[in-house]
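Take a look at this single chain in structure tokens; it is the form predicted alone.
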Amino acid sequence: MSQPPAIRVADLSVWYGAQRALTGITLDVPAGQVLALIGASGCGKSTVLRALNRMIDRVPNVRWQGSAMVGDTDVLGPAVDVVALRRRVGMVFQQPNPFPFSVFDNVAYGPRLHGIKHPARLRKTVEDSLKQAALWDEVRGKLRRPARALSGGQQQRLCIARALAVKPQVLLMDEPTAALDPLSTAKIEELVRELKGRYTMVVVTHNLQQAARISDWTAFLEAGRLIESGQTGTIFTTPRDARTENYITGRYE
């Protein structure tokens, strides 16, 4: 890593009540690159993601130790402005979740919330964001139609456009293609590759082939612990830890 990481997680542990979800996670993500989080269900991948934009705050009785830096901000610090943080750290979920508004108003929602009111500026922001999400050509004549009338794959790209509209530094994706068909999945993967460089991304996926295709770095978690992380090519071809190799080759128990 030739430049300071965009994300630096250091010795992060998280508890949900008495249950320990993460133990001492330490991870760096270089600016403009993609980290894939892999591991079995319940291993802590989504907790890492939700710590980075403080969505874990919504879980009753949650507590944590350690730090998670986005740029020079410890997002887990007591004085962090969570609203401002979520502008810098966008989130895309497994199930597309467009608001019950038009296509235009979904993308314009965040910019309006952050003070952009001028119609021409809003229109440009919406168009630019839809273009970045590779959706503009499909919806340019349908901006006033309900967002939920779009196909599942289009809805997911709309949610990505909505996240990009507030110009985040980091984009988090929690199994963004799990609910999509193969063609829509391919479009989302292509989009991730196109966005790389402009945004730092962390993607949770159970699809190992997908992780290999879209990520620069991969981290393997097991039972809330980081077993191994490194460049994706190395993790998938010459992992250092037998547990990583067993998971990648399907011998995981």
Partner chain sequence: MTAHSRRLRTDRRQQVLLGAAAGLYAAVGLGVLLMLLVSSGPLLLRVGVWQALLGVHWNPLAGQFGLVPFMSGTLLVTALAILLALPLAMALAVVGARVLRGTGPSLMTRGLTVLAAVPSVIYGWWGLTTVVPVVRRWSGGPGFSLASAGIVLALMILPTLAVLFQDALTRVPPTWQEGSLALGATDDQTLVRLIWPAARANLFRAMLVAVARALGETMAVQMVIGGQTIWQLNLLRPGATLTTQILTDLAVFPPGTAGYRALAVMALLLMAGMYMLVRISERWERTP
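Just so we're clear, the structure is a prediction, and the values are computed from it rather than from any experiment. Numbering follows the first chain given and starts at 1.
In what follows, reference is made to the form predicted together with the partner chain, a form of this protein that is not presented.
J.: Does any part of N53 reach within 4.5 Å of the partner chain in the model of the complex? Heavy atoms only, please.
T.: Because a heavy atom of N53 falls inside 4.5 Å of the partner chain in the model of the complex, the answer is yes.
J.: Is P98 a contact residue for the partner chain in the model of the complex, using a 4.5 Å heavy atom cut-off?
T.: Contact with the partner chain, yes.
J.: V83 versus the partner chain, in the model of the complex: is there a non-hydrogen atom within 4.5 Å?
T.: V83: yes, in contact with the partner chain in the model of the complex.
J.: Is L180 close to the partner chain in the model of the complex, meaning a heavy atom pair under 4.5 Å apart or at it?
T.: No, L180 sits far enough from the partner chain in the model of the complex that none of its heavy atoms falls within 4.5 Å.
J.: Only one of R123, K142, R148, K131 gets a heavy atom within 4.5 Å of the partner chain in the model of the complex. Which one?
T.: Checked against the cut-off, the match is R148.
J.: Relative to the partner chain in the model of the complex, which residues of 177-213 have a heavy atom no more than 4.5 Å away?
T.: Sequence-ordered list is empty.
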